[in-house]
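Next up is one chain by itself, shown in structure tokens, the form predicted on its own.
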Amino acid sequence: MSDKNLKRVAYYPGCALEGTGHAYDRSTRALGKKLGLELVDVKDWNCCGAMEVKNIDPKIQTYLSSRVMSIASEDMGFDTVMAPCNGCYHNLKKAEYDLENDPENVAVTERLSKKAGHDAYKPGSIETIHALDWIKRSIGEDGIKERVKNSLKGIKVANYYGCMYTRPRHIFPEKDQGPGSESTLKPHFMDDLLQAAGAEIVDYPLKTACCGGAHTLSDSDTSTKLVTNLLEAADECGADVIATECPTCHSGLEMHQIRAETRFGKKTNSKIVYFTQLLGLALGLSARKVGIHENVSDSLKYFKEKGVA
């Protein structure tokens, strides 16, 4: 059963979707429009604190994320904010938890909010969801099946969720709640949606392994090795495509796929594509409409051969 409350949500794209992850933003907006869902951008949003701020002062990161939720709930009147980036999604969920359980975080957030001239965010005022939750709960597998125009049949997909979508478990209380809920051990929402669109989902054991995104600048070789593990495992599983749902992971897989070949002589074959791009193609959107041309990983010829582009 679809959740009608998610037909119109506050949209928090975050920094990455305005930069290297623009294809994710493009395809998310196009997919939402195709599905009759409305995304309303959070006004005057700021960075969630990402990795840099959190590593220096996690309490400032809590404030930055709380400000986004405060604007969406207090200023805009929404009860749901959707963040497609794993980092943003994770940080907003973490801020929610910290403000419910840590008085020091509350004190810092209240002090900074007062200095910035707005009310401090009150925990529980809004629900943060991921793009996967948004499609799964508002449309669902049956809704996807009904709308498919170009089946993804014959396309073997390894679904890569990354590590921040499920960890640490305690900031995701809605997960692991039995049938219908997402699993932190074996996430399946992306599997469910793409399978509904006709794709053949391969059993991919590294779906929540780290891509080394946080170390890309400080230790590129380590990041390349971690990504190479992911890419080689996908090849061994018979995947043609690795579906992603995080801009940092997506960029890391694309860039380090090239670096693994040029620096370490390890060539892998999987195409790296956002799950929103795959669903968009399945629903009849053009390759350009979902930003396939913006990907570093060149998959256009492949999708044309499969008859979906």
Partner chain sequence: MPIHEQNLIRPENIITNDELEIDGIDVSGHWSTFIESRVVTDYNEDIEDEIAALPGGANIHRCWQCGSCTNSCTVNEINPDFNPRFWIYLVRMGMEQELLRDKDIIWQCVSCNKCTYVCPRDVQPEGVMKALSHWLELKGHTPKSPSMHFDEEFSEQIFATGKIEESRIIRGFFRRTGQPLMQDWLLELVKRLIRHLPLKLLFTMGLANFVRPRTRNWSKAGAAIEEYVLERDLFKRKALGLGPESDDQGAAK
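Note that this is a predicted model, so its numbers are computed, not measured. Numbering follows the first chain given and starts at 1.
Quick note: we don't show the form predicted in complex with the partner chain, though the next part is all about it.
Contact check for residue 49: a heavy atom falls within 4.5 Å of the partner chain in the model of the complex. Contact annotation: residue 22 falls within 4.5 Å of the partner chain in the model of the complex, judged by heavy atom distances. Contact annotation for residue 9: none of its heavy atoms lies within 4.5 Å of the partner chain in the model of the complex. Among residues of the shown chain, residue 208 is one whose heavy atoms approach the partner chain to within 4.5 Å in the model of the complex. Annotation: in the model of the complex, residues 34, 283 and 289 none come within 4.5 Å of the partner chain through any heavy atom. Comparing 222-230, 235-243, 150-158, 137-145 against the partner chain in the model of the complex, the single stretch with non-hydrogen atoms within 4.5 angstroms of it is 222-230. Checking 99, 197, 129, 108 for any heavy atom within 4.5 Å of the partner chain in the model of the complex turns up a single hit: 108. Contact annotation for 52-69: residues with any non-hydrogen atom within 4.5 angstroms of the partner chain in the model of the complex are 52, 53, 54, 55, 56, 57, 58, 59, 60, 63, 64, 67, listed in sequence order.
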